[in-house]
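Only one chain is shown below, in structure tokens, and it's the form predicted on its own.
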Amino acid sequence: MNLETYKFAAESNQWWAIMPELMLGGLALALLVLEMILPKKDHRIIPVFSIIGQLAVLAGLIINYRTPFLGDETFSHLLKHTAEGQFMRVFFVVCSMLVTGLGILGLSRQTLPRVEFFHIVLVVTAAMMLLVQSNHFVMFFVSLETITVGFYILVSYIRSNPLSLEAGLKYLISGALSSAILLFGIVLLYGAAGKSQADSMQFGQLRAYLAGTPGDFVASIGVVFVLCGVAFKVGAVPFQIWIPDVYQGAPTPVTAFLAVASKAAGVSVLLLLVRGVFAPYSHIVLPVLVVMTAATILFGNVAALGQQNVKRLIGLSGISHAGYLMLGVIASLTIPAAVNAVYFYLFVYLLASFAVFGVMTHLAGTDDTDQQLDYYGDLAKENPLLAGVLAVGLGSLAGIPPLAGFIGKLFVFIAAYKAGLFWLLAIAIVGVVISIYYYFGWIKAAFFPVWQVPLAEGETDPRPPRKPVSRSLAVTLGALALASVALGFWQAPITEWLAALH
């Protein structure tokens, strides 16, 4: 390419198309500037400023959800602006706001730098928004690695805690391995398609090559390797082994970020690849996803049964939710309505998960990794609001009617039934039945006294002291719980919005 080509590419860049991401990046830099110019006693307003800025970005996205760039490819085909990508941009900003709020609460108990935490959350959020709009494997890989590097830091943020440092190291090693697998798959696809396509990393051109050569062995291996790299981000079997330790060691707000936003990004990318660039190789993609989905649902639910640490429990149960979402991804290959079912599931999963993580963050002590099931004993007696929010959140995750989680699972299961995935659907129903046991065990611990060995003389209660709930946290948790209940009865606000995006 000569200089004139580069000039033309630069002049054709439409920066308004990524204005939300640019605003988040600018906001992230503004936080660091405020940290330098404000007196230390005023640093507490910096995360509040971050939330206000994110609210402005969210309002802009909602007002302009039918962006004029919808359906266009920008930045020399690096990005493609789709209805699904627009929905996920809103999704990630909501996640970022909630993580920021939980971070204010969680970091208040730690003697750690705080502004950097909120800065990295914004950068990771912007990278996720770019990831789901990727239309080129270069953009795809760069944005994915930006997310991953940010999480390397966030997971091990409590550097005084050995379990947090261990979690960061395990995430680093497993994340590097998954990135290598993903990159090797991309290289194989580049090598297979490069001989006949001008830009074989661009999704449209790569799909054209795959459609014309359905039996290419090298391309088939490349497709499988890329799917395996994405499966790590989703937490699908056999790439799930990092989840329990990382979820336990990470600060609870970061665990929430991983459990909701990172998983949602992985599922969105899976939909993008399976229904887009890899669609001509569905004969390769489908068997791989079917085996992964069945194993993921069964492993996640069975492994969660004996857990006493609630962070490990929520991590293992999150693996099963990845399986249910992958069931919707498979169904979307033949039933287009399954796409909206997956996005509705993600939204109700966000509501329920952050309700639960909000309670966990409030009840956690200085040692954020030590959150045992029996620490929730008598919670309903001492704080009915927290117990009620926890019950609604866990009930929604379990899929208990009439909560929104039940409707989300129902939509995905109906799509799977229409797609003829009967034995996978049977496994998913068995998984739901198993999950009721451990979710209701947690609810039981909160609403009924848990028998404990009497403390010896001079021994202190291992449970963290319970503090009053702040007004802002009470309003946020109440809104999340009410939304989970309301969407169980009336899904139109979300379903109509999803339908309007198309």
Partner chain sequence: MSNSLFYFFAALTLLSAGAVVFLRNAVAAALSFFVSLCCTGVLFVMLDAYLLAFMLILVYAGAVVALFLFIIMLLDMQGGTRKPFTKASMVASAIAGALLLVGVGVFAKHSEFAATAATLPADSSFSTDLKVYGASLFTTYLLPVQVIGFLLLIAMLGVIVLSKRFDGAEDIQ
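Just so it is clear, the structure is predicted and the values come from calculations on it, not from any experiment. Residue numbers count along the first chain shown, from 1.
What comes next is about the form predicted in complex with its partner chain, which is not displayed.
*With a 4.5 Å heavy atom cut-off, would you call Ile18 a contact of its partner chain in the predicted complex?*
Result yes; Ile18 sits at the interface with its partner chain in the predicted complex.
*Please check if Ile120 has a heavy atom lying within 4.5 Å of any heavy atom of its partner chain in the predicted complex.*
Judged by the heavy-atom cut-off of 4.5 Å, Ile120 is in contact with its partner chain in the predicted complex.
*asked:* Whether Gly71 contacts its partner chain in the predicted complex should be assessed with a 4.5 Å heavy atom distance threshold; does it?
replied: Gly71: no, not in contact with its partner chain in the predicted complex.
_Just checking whether Pro113 would be counted as a contact of its partner chain in the predicted complex - the rule being heavy atoms within 4.5 angstroms._
The answer is yes: Pro113 has a heavy atom within 4.5 Å of its partner chain.
*Tell me the stretch among 72 to 80, 226 to 234, 427 to 435, 307 to 315 that has any heavy atom within 4.5 angstroms of its partner chain in the predicted complex.*
After filtering at 4.5 Å, what remains is 72 to 80.
*Can you pick the one in Trp242, Tyr209, Phe347, Tyr375 that has a heavy atom within 4.5 Å of its partner chain in the predicted complex?*
It is Tyr209 that has a heavy atom within 4.5 Å of the partner.
_its partner chain: the contacting residue among Ala416, Leu130, Ala264, Leu272 in the predicted complex [heavy atom, 4.5 Å]_ = Among Ala416, Leu130, Ala264, Leu272, a heavy atom within 4.5 Å of its partner chain in the predicted complex occurs only for Leu130.
*Quick one: which residues from 146 to 168 get a non-hydrogen atom within 4.5 Å of its partner chain in the predicted complex?*
Going through 146 to 168 in order - heavy atoms within 4.5 Å of its partner chain in the predicted complex - the hits are Thr146, Val149, Gly150, Ile153, Ser156, Tyr157, Arg159.
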